[in-house]
Structure formats: C-alpha cells, structure tokens
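Below you'll find only one chain, the form predicted on its own, shown as structure tokens.
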Amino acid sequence: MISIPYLTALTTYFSYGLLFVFGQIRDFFRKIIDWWSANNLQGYAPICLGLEDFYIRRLYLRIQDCFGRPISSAPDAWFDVVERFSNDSNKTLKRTNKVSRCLNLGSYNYLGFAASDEYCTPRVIESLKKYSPSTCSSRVDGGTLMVHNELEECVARFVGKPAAIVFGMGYVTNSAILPVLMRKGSLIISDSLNHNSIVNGARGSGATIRVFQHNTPSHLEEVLREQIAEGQPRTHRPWKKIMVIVEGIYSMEGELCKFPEVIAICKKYKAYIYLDEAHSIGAVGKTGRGVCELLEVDTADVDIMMGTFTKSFGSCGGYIAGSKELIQYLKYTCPAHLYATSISPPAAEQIISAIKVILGEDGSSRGAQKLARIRENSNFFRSELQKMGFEVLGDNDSPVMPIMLYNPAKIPAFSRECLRQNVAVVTVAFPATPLLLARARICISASHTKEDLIKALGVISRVGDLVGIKYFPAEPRKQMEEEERMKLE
C-alpha cells in the first residue's frame, strides 16, 4: 500500500479542489452562453454527461499535450517525437513538421525487438511477401495459416503448457475469455489493481466479483474463506466454480505478484488460478519465461496463463495457455476466436522469431544477453532513482518503475520539462490510477545503453529538483560514489 505524506495529500486535495471549483464556475457561465445560443438538438439529452466529461473538459484538456504524443520512428531506445502546438488553450493540438530526437522511457519495448532486428526483421518481411498483411478472415473461416499453428505450438512450448490459443489483440484476450469461462453462479476473486481488461471481462461474465487488497495473500484467503462459507447470494448454494485472478507484474505499480503464496491458498481452497503475464512474460526469469520461472513456481500449478506479445516480443496480440481440453473448448466458444480477424501473419512471424532469439535457437547468445541486460538496466536505474530521493514503486528485476508525482500540477510540469530536455516519459493520472496517486511510469529496455540511463538519470534528477518530487532525502554523494566503486570492483 502507498502511504501518502500528510502535507503532500493535503496540497493534492487542495489543488484538485481548486480545479474543481473553477471548473464548475466556468461550466455555470457556459450554460448561460449556451442558453442564448441556438441549439439544433433540442429535446436530446447531452451525449457526454457526468463527472467523466467534466474531468476531460476542465482537467485533462489543460494537459493533453502530455499524452498521446505522436512518434515518427520505431520505438527503440531513441525515437522521434513529433512536435505539436495549440492555438486554443490545448483544446486541439496540431502537428508540425518538426521532430525531437528523444530518449524513450515510455514504450514497453523490454527486449528491444520493436526496432529492426538482424534475425526477426528479414523473416517478417519474407512472411509479408509469402502471405499478406492480413488474413481478412476469422480463424474458423479462412484465417488459420500454418504460421498461426506454428505460433500456438511455439507459445505453448515456451510457457510450459500443453496447448495455447492466440488472439490479435492483448486487451481482448482478457475481456473476451473471462465471459466464456465464468458465468452466473461462478465467483471471481480479483486483485484490486488488476488491469482494466480483466475488470471489464469479469463484469461481462455475469459472475459474482469480489476484490482482495492488492498483492495481499492473507486478505485473499480471508475473502475466499468467507465466500465459500456464505455461498451464492440469496440461495447460499455452493459456487459452481471459483477463479482467482492476479498479474505477474502489475503495470501501474511495477510489483511482482506474491505468486507462491497465492498458489498455496488456491490449492487449499480448490480455486482456479488465472495468471496475467502481459508485462512479465519475456521480461523476467533466467530464460524469459516470466514470474513462474523467476519465483520458481511449477506452471502445472497454474490453470490458465495469459500473456501479450506487445511488450517483450515487439508485436501485437495475446495468448491463453492451458490444458488441451481448455484450449479446445475456447476454440469452440470464444467470440474473439470465432468472429475476430486472426492475428496478422507478419506479426505472428515476429513473435516466433523473437521467441527463437530468446531461447537461443537462432544460433546466437543474443537472447541471453538481452535478458541479462534488461535485468541489470532495471535494477541499476531503480536503485539510482531511490538514492536520489524519488519515491519509486515496484520490485527488483521489474522493468516497470513508477515515480510518484501526486500533485496534478506536477504531472504536466514533469512531462514537459523532461521532453524539453529530450527525454520522453509517460505520465499516468486518473482514471488509470486513483485520483491522488498520479505518477510517471518509467519502462526500461534491453536496448538502453549505460550512457542512455546515466543521461536519463541526470535529466530526471534535475527535473525532480525543479518540480519538487524528491519526497525522500537523497543519499550523500560520497556514499553513492563508494557504492558505485564497490559494484565496479
């Protein structure tokens, strides 16, 4: 749990309160102006209504230049960010012909496969020539090619499960699978900070949903025991099935799941386990096989393994891996398999080639080097940020490291100043995080060199001093130099 300093919480509440009051005043005068102006939609209710619309108009639009920045190159360690300007106080942004060459600390390019690769790229181009950019069909019609079957076999072998099924979009993998597996009379117990795709999939299933405190196995056991004792609402009949859903690495916190403890509890209460490895597969573990390998968990103890190809593999889509019976059932019933266009053949070839590089099947040790580099880069960057006095969330080995900002005024200040110094970062605020817990999310890549990271640390440190987000005392310079010397020795 994140404990916000009292003064920081107070100033953050005050800032949001000020924005809310001034927003309401502006809305009041807007209604008066609209009342006098002609309205062609008399009798219609406003299509955009509510607090979300208020938040977008009065808070988000003020800083929307910090989000959705277009790029004009591959999302490698360095990329080109297209410059934009606004003539109407940020309501609309117009692109220019100018670009800024920036250090990329925002993309999920964990292993560096998003850029041109000596092994993957030629095979992707060959696949494009052999097939096409799209199958123009669903998997059950004319959309299953040899490359799709090869990909599913490759994924199953890589994650250590008997079978797998792949989809063209990572978000849909969760949101379309959960309604198929869980129905009315079933119970879903979900981590309170699970991804939005899991939340929407669970809601669409019709199952009863209960939430346990983030990454707290003791509270998970408490919820499980209580729900098993009570049974279904009103009837108190036993649940048809119970599923616990967790993530390998939580994308907004950078924390590793306490997976061994979760598995022990699920075994004790005979609950199924659904593991979302979107950010951990390919990025952690000795051979890139995710949290199961990192935390020494047998994949046979995990009922359903989900992951995406958009992070470590430099492609698109997602997968579900499990027993042969489960995968066969999903091929008959999952709407994302039955009705959606199958994954693009070149994208499928990119994934296969990336997995072969990771496993060393390309005849080189580049995969092992990438995995070692992402681990070293992540741990080095995290430790240096903490020494500088930043509040950094997450665990060692995780390539995701959020820096807490809190105050809404510090979101655009941090983002814009970093960009001005040619470092591109991603800032995250409500509704992706709770209102008070705004942050900058740093994503480290194996393609970053030591010089890149040192430059980024220098910029972030200067901006942190300027904006005032070093919430902890920094370590003395002499002590930092001594520790660095010992590391080198």
Partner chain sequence: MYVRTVPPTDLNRNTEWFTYPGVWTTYLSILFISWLLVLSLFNCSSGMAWTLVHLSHFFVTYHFFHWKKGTPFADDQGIYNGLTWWEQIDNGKQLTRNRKFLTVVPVVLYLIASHTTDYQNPMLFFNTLAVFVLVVAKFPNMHKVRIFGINADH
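None of these values were measured; they are calculated from a predicted model. Residue numbers count along the first chain shown, from 1.
As for the form predicted in complex with the partner chain, it is not shown, yet the points below apply to it.
Contact check for V211: a non-hydrogen atom falls within 4.5 Å of the partner chain in the predicted bound form. When the partner chain is considered in the predicted bound form, I63 lies well away from it, no heavy atom lying within 4.5 Å. Not displayed here, the partner chain is approached by A9 to within 4.5 Å at the level of heavy atoms in the predicted bound form. L435 belongs to the set of residues with a heavy atom inside 4.5 Å of the partner chain in the predicted bound form.
A heavy atom within 4.5 Å of the partner chain in the predicted bound form is found for one listed residue only; from K258, R366, R157, H219, this is H219. Put simply, of G68, P431, P46, G458 only one has a heavy atom within 4.5 Å of the partner chain in the predicted bound form, and it is P431.
Contact annotation: the partner chain lies within 4.5 Å of heavy atoms from the stretch 46-54 in the predicted bound form, the single such stretch among 458-466, 442-450, 419-427, 46-54. Heavy atoms closer than or equal to 4.5 Å to the partner chain in the predicted bound form belong, across 6-27, to the residues Y6, A9, L10, Y13, F14, F20, Q24, ordered by sequence position.
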